[in-house]
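One chain comes next, on its own, written as structure tokens: the form predicted alone.
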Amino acid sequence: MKIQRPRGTQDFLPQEMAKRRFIENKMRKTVESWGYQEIQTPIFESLDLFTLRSGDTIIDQSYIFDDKGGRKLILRPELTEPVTRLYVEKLQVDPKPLKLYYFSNCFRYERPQKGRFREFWQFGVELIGSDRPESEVEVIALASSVLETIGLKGNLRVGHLGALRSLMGDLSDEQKNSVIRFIDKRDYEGLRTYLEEISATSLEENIRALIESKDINEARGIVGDVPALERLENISSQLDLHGISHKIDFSVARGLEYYTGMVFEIYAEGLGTENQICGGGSYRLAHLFGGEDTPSTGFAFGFDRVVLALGDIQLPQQTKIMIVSTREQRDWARTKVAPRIRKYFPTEVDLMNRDINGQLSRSNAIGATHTVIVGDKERQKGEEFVTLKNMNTGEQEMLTIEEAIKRIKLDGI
């Protein structure tokens, strides 16, 4: 019986994994240079963690199951709630602000399409404990810095949910959240129907005017001089000082219900309709999980979409060594020479009892940068001697093992 991988998941071959790790490491180094530290949370959590605030949609799309003890568990559909739970359990007394980042897989039962999978990876940060606009600006600037580091251009749009919530006035929180979800999905027909159902059709014109407004001054003419717009103006001015190109966009709504203030999204070219590669904003969740009311701001990159958007990239050549030996010297090469070189570089030895030509073919096949030859003439010269061949230039020379190691390092591959 032939068994295939589950729908909506991916297999990654060595070359693809090398590309993903290359991009991931650049992203890690960038956020670490801003003072963020890595954390990791369990792959599954209590279902209650996500039912408290994220809304019904994310639950409907999640993998939910009972464990053998009858507990309701969920494969994490995203990371903000787990990070907040971790904060409440273990980090509340730590100095603020906390700067945390993660790189983890998540799971959602959605219809697979380009850039959208049922198992996917998120790379994100959470800045916990500051409600200053400077903190929100830093999170946006960090997302922009990550894009610059990996060489990807993105269209940044920034909004503020406070303006939209002010406009909706006396609607309940549940109703406001429903309206925001319709806007997040760009489902304006559904929005009109919903407003009719809750007898709030008078709001539609102003809601559409706000989400179509082109700048903060135009928005003020619709909602008045509310604090949300003053905050957004401050954030926008600081982004200008950072030299970060952005657009004010009140249609950026973010469908997850925990967002309370500034929100932003970044879009990349070449991904069709699924072109959002990053989203984030400000939220307050800790008090729902038994902690103190704590302001937080974060973002998450859809890592799979980032990889797709980057397309084919030229990876730096990695130093890789192949040990080639005569049959008489095979044991010596495998047990004495290879371990010394392996301390410094990835090193492979022959496992198929090939002759010299077969081993050299293997060296080419694996993309070895250098071949270290151990034959009879090298052993006659002395136990320390090998012949080093640079596979890029074809040059070769008999050297001691230590000299060969130094030469490989000097080649700078």
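Numbering starts at 1 and follows the sequence shown. Keep in mind that this is a model prediction, so the values were computed, not measured.
Quick note: we don't show the form predicted in complex with the RNA, though the next part is all about it.
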Note which of Ser145, Thr260, Gln276, Gln92 lies within 4.5 Å of the RNA in the predicted complex, where distance is taken over heavy atoms; exactly one does.
Gln276
Contact assignment for the RNA in the predicted complex, among His287, Lys214, Lys343, Arg111, heavy atom within 4.5 Å:
Arg111
Please tell me whether any heavy atom belonging to Gln40 falls inside 4.5 Å of a heavy atom of the RNA, as the geometry stands in the predicted complex.
no
Is it the case that Asp60, even though its partner is missing from this view, gets within 4.5 Å of the RNA in the predicted complex, heavy atoms only?
no
Does the RNA get within 4.5 angstroms of any non-hydrogen atom of Met391 in the predicted complex?
yes
Within 4.5 Å, heavy atoms only: does Leu360 come near the RNA in the predicted complex?
yes
Counting only non-hydrogen atoms, which stretch in 170-178, 202-210, 125-133, 266-274 is within 4.5 Å of the RNA in the predicted complex?
266-274
Lys185, Gly375 and Thr387: each with a heavy atom within 4.5 Å of the RNA in the predicted complex?
yes
Which residues from 293-315 come close to the RNA in the predicted complex, meaning a heavy atom within 4.5 Å?
Ala300, Phe301, Gly302, Arg305
